[in-house]
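In the block that follows, a single chain appears as structure tokens, in the form predicted alone.
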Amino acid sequence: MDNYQDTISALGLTAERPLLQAIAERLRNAAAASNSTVFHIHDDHFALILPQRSRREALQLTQAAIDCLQAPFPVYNIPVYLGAHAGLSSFPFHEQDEPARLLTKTWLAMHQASHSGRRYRSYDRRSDDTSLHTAELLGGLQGTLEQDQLRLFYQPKFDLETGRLSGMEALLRWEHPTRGRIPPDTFIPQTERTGLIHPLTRRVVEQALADLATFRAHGLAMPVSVNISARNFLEPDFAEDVLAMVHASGLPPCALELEFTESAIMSEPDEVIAALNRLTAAGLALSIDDFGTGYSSLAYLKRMPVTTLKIDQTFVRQMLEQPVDAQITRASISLAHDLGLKVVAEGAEDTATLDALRAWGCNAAQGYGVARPMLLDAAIAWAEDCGIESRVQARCATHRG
């Protein structure tokens, strides 16, 4: 059922039993003509079993069941609208006849319908394989946190005005012993939906700080940036934990920069902005990543104590061929400068793009046109051997108060 938990929260637990009875009664009426059986599975989840019927009949019953639940339910003389979504699995169309497995497939299809905004979906084996793959990855990741499989690669940021190395971005990669290198977009979204994102972020910050010390031992005193999940900022002690790790490293706070997307502030803006203020007050630099692809308000943007805005590579990579992308890139640069922010362009792939960004006043760029992400030793060798002047003193950027 849709809106079920919100309804019970509003009306109280005493409304739950009569509401469930009303739902069950409607489903029994819808199922009666097809000789199917209605089961109450869990909370607001019901199952209908339709034996000895065709797949077409099963689809018709599914539609009828959803339709009968669309009208409001009278609870305490209050019309309550719920709505519903459903999943469907069948035998022998889905090859296993073990009942619990069929119910699991139906459950997966139901959630696929919910996430896609559809009223019902039939089970798709490919989604099942994806779910199994995701579960295996998450299970393996828990052990990986204690092993040497997570690696940080470093991609240089190039100051377009001075020709100097202005920073490094730490990019996480999972070196799986059997699956090979797993990019972060394959497993990070799943860790964000679980508690794994928090120990994972801690591990990344700790490793980046250790690598920062190695960079500085080689005379490379530029800051290193780390990507932070929106979920991290909702942890009450996140800011204090980061500051404690920086203090334990013995490095100045301005050596570490945190990058986060616009979506990070959307769920709890006041709480997130308070955490950002604690971090910047201690001297850390903050950067908005993938600017232009999120949904944040300019009202929030002006409140955030950030130092840098990063233009997403979606616009930068095609800005010389697509006039709209060029306009978005130039407008983003102008907006950032008007707000007192520095601008970094991601996805700079060639010299022509770098020249255009320089002409438009962009402060820095990163991408294959500068250098690919590299492991620590390779990044040090690149900075020492390339023609870019990199042995510069770190300068702690001032931020808007």
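Quick caveat, the model's predicted, so the values are computed rather than measured. From 1 onward, residues are counted along the sequence shown.
What comes next is about the form predicted together with a small molecule, which does not appear here.
| field | Partner-contacting position among 237, 185, 270, 321 - heavy atom within 4.5 Å of the small molecule in the model of the complex | value | That would be 185.
| Considering 207, 112, 229, 90, which brings a non-hydrogen atom within 4.5 Å of the small molecule in the model of the complex? | None of the other options qualify; the answer is 229.
| Hey, in the model of the complex, does residue 349 get a heavy atom within 4.5 angstroms of the small molecule? | Close contact exists here: in the model of the complex, residue 349 approaches the small molecule to within 4.5 Å, heavy atoms only.
| the small molecule contact in the model of the complex: residue 218, any heavy atom under 4.5 Å | So residue 218 does not count as contacting the small molecule.
| So in the model of the complex, does any heavy atom of residue 368 sit within 4.5 Å of the small molecule? | Within the cut-off, so yes.
| query | Heavy atoms within 4.5 Å of the small molecule in the model of the complex: does residue 287 have any? | reply | Taking the distances in the model of the complex, the answer for residue 287 is no, it never comes within 4.5 Å of the small molecule.
| Partner-facing stretch of 168-176, 323-331, 274-282, 82-90, counted where any non-hydrogen atom is within 4.5 angstroms of the small molecule in the model of the complex | Stretch with heavy atoms near the partner: 168-176.
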